[in-house]
Structures are given as structure tokens and as C-alpha cells.
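One chain is shown next in C-alpha cells, namely the form predicted alone.
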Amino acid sequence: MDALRRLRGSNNEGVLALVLLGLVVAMSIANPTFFTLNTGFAILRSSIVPVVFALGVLVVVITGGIDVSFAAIAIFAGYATVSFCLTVGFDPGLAGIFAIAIGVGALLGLVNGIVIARFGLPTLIVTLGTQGIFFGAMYTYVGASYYAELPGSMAALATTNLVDVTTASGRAYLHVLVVPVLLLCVLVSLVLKRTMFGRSLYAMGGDLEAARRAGFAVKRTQVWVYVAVGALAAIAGVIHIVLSRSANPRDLVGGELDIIAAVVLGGASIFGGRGSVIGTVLGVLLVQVIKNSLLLVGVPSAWLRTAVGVLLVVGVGVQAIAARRKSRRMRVIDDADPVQSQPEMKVGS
């Protein structure tokens, strides 16, 4: 039983991996073109940006909050950085571009964090509001022009692949940006598991008041959470622009549901206090495989949003049922305690 429990994982990562494997096998049987190197690399490439987004959303969800402004922060930070570099004719290199974008993203995240921590407002309402504010500010003060050319360092990175081979199905290539994204996953996992900051996030998600009484600086941690989400979103925004080889201020809009669904499917509790990086990465891969599979079997793209919506409802529904059963078990144990203690009183008398 212990071996099965470890295989299942604390957040059902093992179950999710089996579902993902079963889906790949089923699709490979239904359509042999699915199980090719080209399809595998295509799914990994399409998962690069969602994984970075999902890491930020995971951090917020663990604290019991929700953030829907990450896409707006991502395109604001990435587009503003590219616009600045092209306008002044200055290419600070990849390190400089990422540093500028992260600074912009962290600043926008700081706005979210201060409003949420200072006034104690619902995170969904605040981030919905700031999402509109960030988009409006970008269109007003940064611009809405489409850039087909990027600064030299970004353009060079856009054509750099880790693996590039020609197969019977055509060219199969894996972009080099998959490596820093993997390193980012390891870093976030270490922060969540091995640092006091990570423990404070789980404590806040479990019970905010209990975390405060335990000595955690709740408000300060909330601010840092949204600063970190803003920084991660900015990284995703720059990566998206590099992979698409252009800067469009209207990109990334409307993809928030996919990311939140992937994080919830990955085992993160929408009620807070639970979640892991491994489960989140598996959740992103599952959503990408499902979308790819539906396209391969000829399902219209309009139905992809429906499929993701159904996955989110199912994931949250399963979590709600599990939480209700756990609550019932706790009530049964509480009710049983006085009965168990009654015979001891008789013995003592």
C-alpha cells in the first residue's frame, strides 16, 4: 500500500501521468502519425510558454488566490521591452532584454500584490481589474503597432534549436528555450519545497489566520507572491515573442483558462494549500496533448475551448467532492471522541 501511495504521489501526479500515457497510446493507435518525433517536439514547443505561466499561477493557487492578469503582464512587459529597444535602436542582449522585461513585470505584479495585501480584496476581482488597466495602459502609453522584426539578439535566439533533425514526416526541431524553462521548473520546485518562503505559501493556503498566528508575515508574502508571478509572466512574454518571431500587443489574450485548467488538473487545489511543479507540468502537457489530439481527429478548433472548460469544471468538481468527503470524515472522528472517552470515565469512577 505504501508503494502504491508513493507511486500515486501526494497530489495524484502518478494518476495524471498514467492518464497522459494512456491518452498518448490511444491516440497513437487511432492515428499512427501522432506517435512521431515531429508531434512530440511540437507538443513540447507549444508547452514552453504555458509551463512558465503555469508556474506563476501555481504559486498563487497554493496561497488560495487566483490571478487572471498574468497574460496582460506578459504581453505588456515583453512588448514594451521590444518597443523600447526598437525605438531607441539599442539591443542590450538577451540578458538585458530579460532583465528589462522582468523589471516591468515585477512592477506590475507589485501593483497587484499591494492592492490585495493592503486592502484584503478578492484576488480574482483585483486581477480582473488590473488586467484591463494593464491592457489600456499598454495601448495608450506603449503603442499598438505590430513589430515584424525583433532586436538582433532575440532574432538570433528565435532560430536556435536544441535538436533539429529531418524525419520521414518532415523536419522535427526542439527549441533551445526548453532548457532554461526546465531549469526554471527546478528552481520553483526547490523554492516551494526547501525554503521558508515556500512553506509559508502552503501555510497561507491551508488557513490564512492560522498562518498569521504561526508567525508568517502574510501581507509581505502576498506582495512577494504577485511580484514573482509578474516576473515569471514577463519571462513568458519574452519567450512568446521570441518563438513567434514578432511582437503583437494583441497576443496571449484569452489563454488564461487553459493555464488555470492545467494547474488544477495537475493537482493544485483551487482552495489553496496544495500543488506541485511536477503535477503542474504534467497538467500543461495533458492539456496540450488533448488539444493536439482533437485537432488530429478533425474536431473544429472552436470546440477546443469547450474541451478545456470541461476539464476545468471536472477538475474543480473532483476537488470539491474530495474536500467534502474529508470534512465528513473529520466530523465523524470528532463525534466519535466523546463516545470513546466515556468508558474511560466509568473505569476511573
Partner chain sequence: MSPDTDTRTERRASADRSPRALNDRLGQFTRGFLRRPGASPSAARMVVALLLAVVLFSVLNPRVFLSPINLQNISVAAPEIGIIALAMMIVMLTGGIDLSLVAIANFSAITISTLHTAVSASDPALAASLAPVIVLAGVVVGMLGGAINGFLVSVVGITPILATLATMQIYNGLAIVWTGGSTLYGAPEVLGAIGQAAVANVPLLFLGFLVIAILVAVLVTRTSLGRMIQLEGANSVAALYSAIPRRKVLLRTYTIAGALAGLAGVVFLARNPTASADYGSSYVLLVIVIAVLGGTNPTGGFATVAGVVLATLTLQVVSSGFTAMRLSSYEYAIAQGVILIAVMIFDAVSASRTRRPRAARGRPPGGNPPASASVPVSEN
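Everything numeric here is computed off the predicted structure, so don't read it as measured data. Residue numbers count along the first chain shown, from 1.
Below, we turn to the form predicted together with the partner chain, even though it does not appear here.
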- Heavy atom distance at most 4.5 Å to the partner chain in the model of the complex, all of T123, G317 and I321: yes
- Message: Among the candidate stretches 287-295, 48-56, 35-43, 61-69, which one is within 4.5 Å of the partner chain in the model of the complex when only heavy atoms are counted?
- Response: 61-69
- Quick one: from G93, G198, G103, G129, grab the residue that has a heavy atom within 4.5 Å of the partner chain in the model of the complex. G129
- Picking from W224, F135, F216, F98, the single residue whose non-hydrogen atoms come within 4.5 angstroms of the partner chain in the model of the complex is F135
- Item | Non-hydrogen atom contact V313 with the partner chain in the model of the complex at 4.5 angstroms | yes
- Query: Does the partner chain get within 4.5 angstroms of any non-hydrogen atom of T87 in the model of the complex?
  - Reply: no
- Task: Please check if S28 has a heavy atom lying within 4.5 Å of any heavy atom of the partner chain in the model of the complex.
- Result: no
- At the 4.5 Å heavy atom threshold, is Y202 in contact with the partner chain in the model of the complex? no
- in the model of the complex: members of 14-43 within 4.5 Å of the partner chain, any heavy atom: none
